[in-house]
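The chain that follows stands alone, in the form predicted on its own, written as structure tokens.
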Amino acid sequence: MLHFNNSTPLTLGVELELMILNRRDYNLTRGSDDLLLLIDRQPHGYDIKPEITQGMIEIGTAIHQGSDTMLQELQGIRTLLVSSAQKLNLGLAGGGSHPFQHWSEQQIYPKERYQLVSELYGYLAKQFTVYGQHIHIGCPDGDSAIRLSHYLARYIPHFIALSASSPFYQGMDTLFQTSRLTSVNAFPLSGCMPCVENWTQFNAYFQHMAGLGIVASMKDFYWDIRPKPEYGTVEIRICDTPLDIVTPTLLAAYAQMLAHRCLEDGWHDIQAAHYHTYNYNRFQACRFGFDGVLVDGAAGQQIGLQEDLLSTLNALQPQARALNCEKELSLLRERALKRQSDSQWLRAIYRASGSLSEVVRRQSEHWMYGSTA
């Protein structure tokens, strides 16, 4: 049986996967071990660890009541990382995918779970050298976590458009706003959670899958949204890693406002029919970002993604007041009105420079120093 460790409702945490770069041409480099070794020579108390390949590192925040303290912690983590990276002549960057790295050149990190993933999934494990933000939202119990997971599925295209930062992949402009999710889609247990209605039903589903030998733990599910019973959270896994450290906190605030509305209203409209258009809407957000067109299957109509996002943000004003995140709501609305995305910024740099190395240099400077210079 999976036990759900109840947590304080609406508390927040984020995880960010970051690129490790050489400072010559800004390709990925196998720097995670050296970087972690240097970081751990001093006591810091932060959650910083390796990821599946050696050109990646993951940082995670503590539990927060709101985005203000989360940003303060991310600033502290960044200061530590930048100081250590500079000593090793390494660069660090956000972004959902490295623009010109080749997956065949990546090395799996020597950790048992990653080695098992590589043995099972073959080349897909190295292709999984992509970079995402995960958002954790505290839930009072397992039933609430199931309800919230289904509720948030409706808003997944918004998170995709707001975080999109991977227009280039393997040296090419993909024409997508986010190309990262195509690497996730290749895994057989990706997509969305089955339409279970409560924690008892979810446990039965998990036991069935485990009994068939398909999964051993919750980590084997690569769903866009999943319960995280050991943390007592729902985890949103759809976002690209943004190019800065402010955007992750805005995305977390958006998730918190939506969760507040779901849990306070007692929402329980769980239907398989809601997922009929899920993959189509997800594709629209990945391909076109704010210019995507979403389909409301229940209403039988289409609506622009930007319009739908702005309408949702306007309706969340009571939740923003209750959570003291009206500033974050305003910043999200401003970005949606301007169709402001990291992917557009990266493409503009490439148009001006004609160099993907220059693109990565600029995004590295932006993450490390908060500069676009």
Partner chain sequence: MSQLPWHSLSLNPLAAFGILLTLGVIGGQIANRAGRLPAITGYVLTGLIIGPASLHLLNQELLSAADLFVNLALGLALFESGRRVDLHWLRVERTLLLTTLCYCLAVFAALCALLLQGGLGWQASSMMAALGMATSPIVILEMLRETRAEGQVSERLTTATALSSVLSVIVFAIALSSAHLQNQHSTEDAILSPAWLILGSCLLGLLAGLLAIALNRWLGSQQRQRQTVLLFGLIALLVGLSVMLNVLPSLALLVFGLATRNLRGGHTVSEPGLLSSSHFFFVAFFVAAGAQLAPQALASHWPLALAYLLLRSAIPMLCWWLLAPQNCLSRQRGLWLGLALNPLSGGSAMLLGMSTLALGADASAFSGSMMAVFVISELAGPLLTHLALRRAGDIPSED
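Remember, predicted model here, so these are calculated numbers, not experimental data. Numbering follows the first chain given and starts at 1.
The same protein also exists as the form predicted together with its partner chain; that form is not shown, yet it is the one meant from here on.
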Contact label in the model of the complex: Ser341 to its partner chain, heavy atom within 4.5 Å: no
Non-hydrogen atom contact His268 with its partner chain in the model of the complex at 4.5 angstroms: no
Residue contact check: His274 to its partner chain in the model of the complex, 4.5 Å heavy atom: no
Exercise: Arg333 in contact with its partner chain in the model of the complex, heavy atom 4.5 Å: no
Single option in Asn279, Gln107, Thr79, Gln207 placed near its partner chain in the model of the complex, where near means a heavy atom within 4.5 Å: Gln107
Listed residue (Thr200, Gln301, Asn185, Asn89) with a non-hydrogen atom within 4.5 angstroms of its partner chain in the model of the complex: Asn89
Heavy atom of each of Arg30, Asp34 and Glu358 within 4.5 Å of its partner chain in the model of the complex: yes
Partner-proximal stretch of 344-352, 45-53, 60-68, 306-314 relative to its partner chain in the model of the complex, 4.5 angstroms, heavy atom: 344-352
Sequence-ordered list of residues in 22-47 near its partner chain in the model of the complex, where near means a heavy atom within 4.5 Å: Arg23, Arg24, Tyr26, Leu28, Thr29, Arg30, Asp34, Leu38, Arg41
